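Okay, here we've got a single chain as structure tokens, the form predicted on its own, with questions on binding and movement later.
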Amino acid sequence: MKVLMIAPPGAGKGTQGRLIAGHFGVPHIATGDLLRDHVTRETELGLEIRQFLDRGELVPDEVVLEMVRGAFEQARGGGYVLDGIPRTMEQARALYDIAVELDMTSQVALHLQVADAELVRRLLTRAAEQDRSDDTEEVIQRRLELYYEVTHPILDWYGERGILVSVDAMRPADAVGRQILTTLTVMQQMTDADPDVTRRPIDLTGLGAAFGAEASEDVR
């Protein structure tokens, strides 16, 4: 299974990405983890990255895309869950070109929907628990503005390609995960049976009751 995670910061991409990767036995390629590793080790690249993160800005495309290319090459011939990119249309197109070149194009662009107020609450909670300098309230608001300005429009592009799947991620992580795994398993069976089957966007945001629609819990 080859899955892209598309969601605003704090929506639970890491939690659900690890779940999907473990279920399907594929690598979880989390660009944020790769970038933070450089920051923690205070490499030359890490010091540069920290400046962007502290301002709530995006890391330059060439840095992220080269990391992803390397991860795709390692996973070549199998699946993956990509978490953290694309965040712009330019990245989406560049990522698609890399995936086509390596025969690693995505089967699903998984969109996690969460209300802004809940996103801010989750990120502030995480900042307090992990002492993360890139998660001040001012920076969080800036990150959300960037998401709606440059990342959210990507959804239309993936919708046109027929690989967009939207899920309500306001619910507890286990309920969200059950819905995602059920959906992806069915989609994998369909794709395996007929790789050329016609695809269309899937909106599951109104089906939360079937998988547990309790009030949201903190998701990281």
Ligand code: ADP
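When you see a residue number, it is the position in the sequence shown, counting from 1. As the structure is a computational prediction, the values presented were derived from the model and not from experiment.
Quick note: we don't show the form predicted in complex with adenosine-5'-diphosphate, though the next part is all about it.
Contact between Glu57 and adenosine-5'-diphosphate in the predicted bound form is found at the 4.5 Å heavy atom cutoff. Under a 4.5 angstroms non-hydrogen atom cutoff, adenosine-5'-diphosphate in the predicted bound form lacks Val165 among its neighbouring residues. Among residues of the shown chain, Arg122 is not one whose heavy atoms approach adenosine-5'-diphosphate to within 4.5 Å in the predicted bound form.
For Gly10, a non-hydrogen atom is located within 4.5 Å of adenosine-5'-diphosphate in the predicted bound form, even though that partner is not displayed.
This chain is displayed alone, yet in the predicted bound form one of Arg36, Arg69, Arg178, Arg161 has a heavy atom within 4.5 Å of adenosine-5'-diphosphate; that residue is Arg36. This chain appears without its partner; in the predicted bound form, the one residue of Ile29, Met170, Leu184, Leu53 with a heavy atom within 4.5 Å of adenosine-5'-diphosphate is Leu53. Here the chain stands alone, but in the predicted bound form its contact with adenosine-5'-diphosphate, taken as any heavy atom within 4.5 Å, falls in 58 to 66 among 152 to 160, 40 to 48, 186 to 194, 58 to 66.
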